[in-house]
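Take a look at this one chain, the form predicted on its own, written out in structure tokens.
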């Protein structure tokens, strides 16, 4: 069983990096150093309590939408991507990574929804209620993007559409095997009566089926909110969400005992996520050294993490979207209603070399697969300052320590003696250790050689 007792002692640099990699998109050396010497509880509280800048919706997204033609719809979709990427590239809040978990749970995509205003609304709802699964569940029923995505806006008494009810049980709350086909049919009746009005969904009881229904063993004149209540009462629901949290923050294949332990926390806290994370992220289980590097970075974590580490977060947003798309995580366009499968699915014979080439090109200040320079949204060239990156570490003029420190900052697992020697040889490029000088003209290219060698390593894909 997972040991959820609070880990004793004060955080080391390695543990601070581990905490940041699993909770944020910005595991930088400066942030990790600031957590060293804190207790796990103090560090997690500091992360969760850190002030967050406001994230207003784009001006166009607050206006009542007209159904746009294709060109206008695509233009707004690009603006939607840029708006969101602008946030994740600059916000160090743990909320951003948690929102990605919920986006990959309550999925919808821009092509089927078509109206970007509704996707913005869904995103803002998940942002506001990211730490309350029960409230998100209630609000997703009448969410305009979800109503359109799963045809809930077409579901009325006598002609119930089953799509949302089926996905509610299978993908949003319980999982296969924890409900029956009659449960789906009866829940579909209870979810009738919703329509889209402007930017939001509205519930019209005159269009809803108010008759008797039996759902998950409970019988009554159930409406939509009753389905949510009954579902959250099921032990399988807490286990379902516990598994999602564990796969996002700890390990991809948690034990049944670990799932049950976290499920008990969820039930005890009425599905409030923050107290669950406070316990999980400070536990002996979370800090188990054998679980470092146990997860594979998503394209978002890969791209934003490297940009943040090298202090190039002003990178052009649409370029980030293009890279993520090549790596099979196009923003706001999951492949199916199941979302992105993640973990091993991120790494294929096609995406792995593309991940390597992205990192190599990025460090040179180039766009991947092109001679074009990296630029910001204003078109200004961007070149990562690799010397500034190295100078933040202690003993920057010690070649051996630079290799150790850079590898420790960029890799979730420690390098071996053989890897250290190989990286040192690559960095020195034929020079001797004593010839390493951080202020020399040759240091720039040698630093690039080192960082590029690290991002080519299989271990760079881990977190």
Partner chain sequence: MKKTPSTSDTSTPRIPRRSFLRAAAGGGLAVATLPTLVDSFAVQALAGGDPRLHQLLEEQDRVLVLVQMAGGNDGLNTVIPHSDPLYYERRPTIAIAKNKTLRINDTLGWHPAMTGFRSLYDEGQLAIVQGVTYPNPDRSHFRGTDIWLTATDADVFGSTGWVGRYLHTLAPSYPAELPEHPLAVQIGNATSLALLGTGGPMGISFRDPDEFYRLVNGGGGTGQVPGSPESDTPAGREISFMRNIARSADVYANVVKQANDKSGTTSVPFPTTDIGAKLKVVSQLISGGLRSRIYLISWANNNFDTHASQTSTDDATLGVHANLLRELSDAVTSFMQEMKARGHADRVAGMTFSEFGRRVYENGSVGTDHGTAAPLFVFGKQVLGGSVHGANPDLVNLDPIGDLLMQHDYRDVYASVLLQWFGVTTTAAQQLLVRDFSKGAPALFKKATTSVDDAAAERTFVRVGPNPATDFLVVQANVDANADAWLTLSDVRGTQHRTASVETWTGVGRLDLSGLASGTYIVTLHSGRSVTHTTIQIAR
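In this text the structure is predicted, and so the values were computed from the model without any measurement. Numbering follows the first chain given and starts at 1.
There is another form of the same protein, the form predicted together with the partner chain; it is not shown, and what comes next is about it.
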Any non-hydrogen atom of residue 378 within 4.5 angstroms of the partner chain in the predicted bound form
no
I'd like to check something about residue 160: if you look in the predicted bound form, is any of its heavy atoms closer than or equal to 4.5 Å to a heavy atom of the partner chain?
yes
Could you confirm whether residue 50 comes within 4.5 Å of the partner chain in the predicted bound form, counting heavy atoms only?
no
Contact flag, residue 347 vs the partner chain in the predicted bound form, heavy atom cut 4.5 Å
yes
So, a 4.5 angstroms cut-off on heavy atom distances: do all three of 91, 104 and 196 pass it with respect to the partner chain in the predicted bound form?
no
Among 352-360, 119-127, 77-85, 259-267, mark the stretch whose residues have heavy atoms within 4.5 Å of the partner chain in the predicted bound form.
352-360
Just to confirm, with a 4.5 Å cut-off on non-hydrogen atoms, which of 391, 139, 343, 239 contacts the partner chain in the predicted bound form?
343
Among the candidate residues 28, 405, 419, 55, which is the single one with a non-hydrogen atom no more than 4.5 Å from the partner chain in the predicted bound form?
419
At a 4.5 angstroms cut-off on non-hydrogen atoms, which residues of 168-183 are near the partner chain in the predicted bound form? List them in order.
170, 171, 176, 181, 182
